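Before any questions on how it binds or moves, here is one chain, the form predicted alone, in C-alpha cells.
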Amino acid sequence: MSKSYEFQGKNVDQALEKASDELSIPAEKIKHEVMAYGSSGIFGLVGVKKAKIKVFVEDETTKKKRVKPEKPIDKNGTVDNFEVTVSAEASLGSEMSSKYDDDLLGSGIQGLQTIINGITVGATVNLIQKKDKLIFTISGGESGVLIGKRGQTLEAIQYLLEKMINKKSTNRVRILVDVEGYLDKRKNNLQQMASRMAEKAKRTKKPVTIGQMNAHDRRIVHIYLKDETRVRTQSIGEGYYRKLMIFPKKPVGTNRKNNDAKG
C-alpha cells in the first residue's frame, strides 16, 4: 500500500528536490503526478503560481524518515550515461530505443527550430536522449544572441520548449537546451569562481556572497563544494533568482580547546 504527499515549489524541479530531500528518495526514482506547473517569471510570460506535485511512496520507504515541513533547499542530482543522438533531419523511427513518444520528440525538435529561426539564421538542432531528460543542442547561427547575457535568453528558450513538450506529454519530461557547448563552459567558470570564493571565505573567516543565480547555476556550486570540509553553501532569498552564500566552518575541535583553556 502506498501513501501520497504533496510538495510545492517555484517549479516542478524544485518541488521534486524538496520531495527527494524530505523522503530520502533520489529525484529520478520518485513516482509523482504534476497537479500544477509553476512559473519562473522569465520575460514576464506568467505569474507567480507555484508548482504542485503529488508523490506516491511505499510504506516501507517512509519508516526510516518522517516527512518534515517544506523548506527551500538545493539538492544534488545524478545523470545517467545512457544516450542516443538524433539529428534534426533524422527519422524518428522504431529502431530508436526510447521511452519517449516519436511524435513528442519530433514536435520538440520542430518547436525548438521554430523558436531559434525567429532569433537567428543558420542554426540547427540535435537531440540527445537520456533516461532522465532530453538534451537539445543548437549549432550554428549567432550563438551569442541565442545565449544572451549570463545565459538568460537560452534559459528562456529552454523554458518555452519545456512548456511546449510537457503540454503534449502525460508524464513530465525534463528538458535541457545547450548552444555550442555553452553549458559545459558555464559549469567550468562557475566551479572556478566557487573555488576562489571558498578560498576567500576560508582566508577571511567571513561569509562570501554570490549574487543573483538561477537554480541550475546554484546547484552546480552546491555540488562542487559539497565535499569541502571547511565551508558550507546555502541559498538565500526568494524567487527564481536567489543569492548563494559560502560560509566558513569552524575547525573541528575548536570549541573543545577553548573550553579546556577556560577550565
Partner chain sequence: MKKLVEEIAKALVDLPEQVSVNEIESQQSIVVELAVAKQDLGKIIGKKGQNVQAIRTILNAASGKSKKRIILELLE
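Here the structure is a predicted model, which means the values were calculated and not measured. Numbering follows the first chain given and starts at 1.
Note that the form predicted together with the partner chain isn't included here; everything after this is about it.
Novice: Go through 132-140, 175-183, 161-169, 189-197 and give me the stretch that gets within 4.5 Å of the partner chain in the predicted complex, heavy atoms only.
Specialist: Only one stretch qualifies here: 161-169.
Novice: In the predicted complex, does Leu104 have a heavy atom within 4.5 Å of the partner chain?
Specialist: No, no contact at 4.5 Å.
Novice: Classify Asn126 as contacting or not contacting the partner chain in the predicted complex by the rule of any non-hydrogen atom within 4.5 angstroms, answering yes or no.
Specialist: No, Asn126 sits far enough from the partner chain in the predicted complex that none of its heavy atoms falls within 4.5 Å.
Novice: Applying a 4.5 Å heavy atom distance criterion, does Tyr241 contact the partner chain in the predicted complex?
Specialist: Residue-level check for Tyr241: no, no contact with the partner chain.
Novice: Wondering, does Ile109 line up within 4.5 Å of the partner chain in the predicted complex on heavy atoms?
Specialist: Outside the cut-off, so no.
Novice: Where, within 140-158, is there a heavy atom within 4.5 Å of the partner chain in the predicted complex? Residue list please.
Specialist: Going through 140-158 in order - heavy atoms within 4.5 Å of the partner chain in the predicted complex - the hits are Val145, Gln152, Thr153, Ala156, Ile157.
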